[in-house]
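Here you get one chain, nothing else, as structure tokens; it is the form predicted alone.
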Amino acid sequence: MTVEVLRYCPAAPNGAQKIKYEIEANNQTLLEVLTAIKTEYDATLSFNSDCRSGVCGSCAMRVNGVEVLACTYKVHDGDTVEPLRNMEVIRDLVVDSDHALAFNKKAHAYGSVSAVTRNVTPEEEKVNELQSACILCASCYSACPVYEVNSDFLGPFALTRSWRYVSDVRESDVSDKIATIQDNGIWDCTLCNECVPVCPVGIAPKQDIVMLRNKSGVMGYMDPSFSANFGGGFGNDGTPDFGDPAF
């Protein structure tokens, strides 16, 4: 079986290059194959792993252009393995995820100090139960095409976590969180759905972004492009102001 790995070292004169490895593999995971390559063929190969059971998200990478977890993906002959996109590559398949994680802070995707402490019913818990299961693998961040034109985009990674807290009944005031995601946020998403199939726990960031748009509309926000085309925004009484009706 042949597996091709994109090797990259910033200090190397040749930069990135694809290396083919001929290995013996039968129904093995990609992580098992990479470990075998490192121990038996090439000790310089670098990649991340930890839990080996699809829980921690540290072994996320791309195979044939699609984001996967190396510990759960079964290798096929001819697979091409690459690091996640939209992040700085440190070496080979290891990327710096700090940039992706920083968008959580920019989106205020965390519990606020004004949150109310109270018991949550099973029904209330299910509202954002799936979003709470995010393993921080950043696969959706890597799959998002918007970053190619807007590196400041908050992205599906942060926005789906924003919805997790906006939809939490213990959050007494979500106005700050909604205000924070208007610029380079929910309206910049193209709803292309690329982030949905790559999530290893089944979260649908696209759906969460649509819910955030709906919530924003209720709170008086609208798509800036719509506002620019039709004059703009909402009046002081909260009703839509469509500007000059002469158009």
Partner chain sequence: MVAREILKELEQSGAVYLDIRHLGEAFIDEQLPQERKLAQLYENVDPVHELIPIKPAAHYCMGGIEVDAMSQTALSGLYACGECANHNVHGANRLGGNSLLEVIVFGHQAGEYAARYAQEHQNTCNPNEQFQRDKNFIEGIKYFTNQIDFYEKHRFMGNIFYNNAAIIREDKGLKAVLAAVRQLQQELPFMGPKDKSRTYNTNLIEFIEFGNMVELAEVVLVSAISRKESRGAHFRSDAPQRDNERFHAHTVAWKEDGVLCLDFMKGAL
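Positions refer to the first chain, counted from 1. Since this is a predicted model, take the numbers as computed values, not measurements.
Although not depicted, the form predicted in complex with the partner chain is the subject of the following passage.
Of the residues Ala133, Ile90, Met87, Leu136, just one reaches the partner chain in the predicted complex with a heavy atom at 4.5 Å or closer; this is Ile90. The listed set Met219, Met211, Val66, Val55 contains one residue whose heavy atoms approach the partner chain in the predicted complex to within 4.5 Å, identified as Val55. Contact check for Asn27, Lys74 and Lys126: all three have a heavy atom within 4.5 Å of the partner chain in the predicted complex.
Heavy atoms within 4.5 Å of the partner chain in the predicted complex are found in exactly one of 174-182, 37-45, 188-196, 203-211, that being 37-45. Under a 4.5 angstroms non-hydrogen atom cutoff, the partner chain in the predicted complex lacks Ala115 among its neighbouring residues. Within 4.5 Å of any heavy atom of the partner chain in the predicted complex lies no heavy atom of Val169. Within this chain, Val94 lines the site of the partner chain in the predicted complex, having a heavy atom no more than 4.5 Å away.
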